[in-house]
Every structure is written in structure tokens, then in C-alpha cells.
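Single chain ahead, written as C-alpha cells, the form predicted on its own.
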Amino acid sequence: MKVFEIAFWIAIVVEMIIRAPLNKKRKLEKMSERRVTTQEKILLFLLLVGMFVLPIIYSSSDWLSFADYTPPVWAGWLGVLLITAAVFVFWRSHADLGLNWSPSLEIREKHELITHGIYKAIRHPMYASQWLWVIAQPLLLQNWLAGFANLIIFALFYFLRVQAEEKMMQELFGDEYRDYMKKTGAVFPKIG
């Protein structure tokens, strides 16, 4: 159903609107360190393909129609619910993180450890948002390529990136970050 496809593109636009002002301000900030590897550049490029390029091809042409499938209608509505939750968590994490956000592993001169708001419960809400997104995408874009490519690429990105990010944060904030790790979950709140 086209309504699910439209929900996907509305979510893309909303995320762009959320990120645009921070991205503009972020570029004016001074960096003290940047840890961008070739592996990360390749994975970020593949994420762009999975999240934008394949969905654009799917939505604007019949080139990928050979890989279409038809799940039950409730699955599409579940996708709408999940992508709405993804956008909310994305917004909340940007609102709480502010200028400490960057698309790659970077340390600002005035970098702070954020432990309030959504960060009080989870260390990586932006990744939590993306997990919700990549689960919603195949429910909204009902195509094996446009729907599932982002899930596969993001899973690989997540497991490689989070280790490097946590290492960087421990080096920067030391025991403060290690204590923070004990109190919070990575992408889901700790229970108990």
C-alpha cells in the first residue's frame, strides 16, 4: 500500500528537519580528534544506499518490482508505529545530545558526557532509533531489496561502530564513562 511508502518518506523528511540545525552548528565547532576509518566511510556509504538510494529506486520506478512481497496489512501499520517511535527517539536523542552529536567518531574541544534525558536510561538512543527504523523499513517498503538491505547493513555497522565508540568514550571520560555504562543499557534500558 502506498500509505506505508508515504509514511517512510515523511519519516525521512522529519529526520532531516531534526538534524539540519545541529549539523549546521556542528560544522562550526572545533574538533580535537577525529577517528574516521576507511571501514567506517564504506559502511556509512552503504547505509546511504540502504536507507535512501534503494528506497528511492523502489518508490520512483519498477526496477525492483521483481523483489516485491505482500505482507498482511497489519504489518504495514506496525511499520508505521515503529517508524514513529524511531523518529521520536531520534528527536529526543538529538535534543539531549545537542552539539555533542557527530556522524562519525569525533571529539569536540568542549565535548561533554551526556547522562540526562534519554541518555539517563540508554547510552546509544540514536542507534536504538536506527534499530527501530531498520525493523520498520521492510514493513513499509514491501520489497526484499529496498526493505531489508538497510537492516543487514545497519547490523554490521552497529556491531563494528559501537565497540569503537565505547572505547573512545572510555578513553575520553575514563571511570565516569565506565560507571555510566554500569547504570545504563546500550540500546535498551537496563532492568533491575
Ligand code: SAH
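Residue numbers here begin at 1 and follow the sequence given. This is a predicted model, so every value here is computed, not measured.
Same protein, other form: the form predicted in complex with the named molecule, not shown, and the subject of what follows.
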The named molecule isn't shown here, but in the predicted bound form which of M126, L151, L145, M51 has a heavy atom within 4.5 Å of it? M126
Going by a heavy atom distance of 4.5 Å, is I18 a contact of the named molecule in the predicted bound form? no
Although the partner isn't part of this model, could you tell me whether M168 comes within 4.5 Å of the named molecule in the predicted bound form, counting any heavy atom of the residue? yes
Though only this chain appears here, would L78 touch the named molecule in the predicted bound form if you measure heavy atom gaps against 4.5 Å? no
Would you classify W101 as touching the named molecule in the predicted bound form, given a 4.5 Å non-hydrogen atom cut-off? yes
In the predicted bound form, residues of 105 to 144 near the named molecule [heavy atom within 4.5 Å]: L105, E106, I107, H111, E112, L113, I114, Y119, R123, H124, P125, M126, Y127
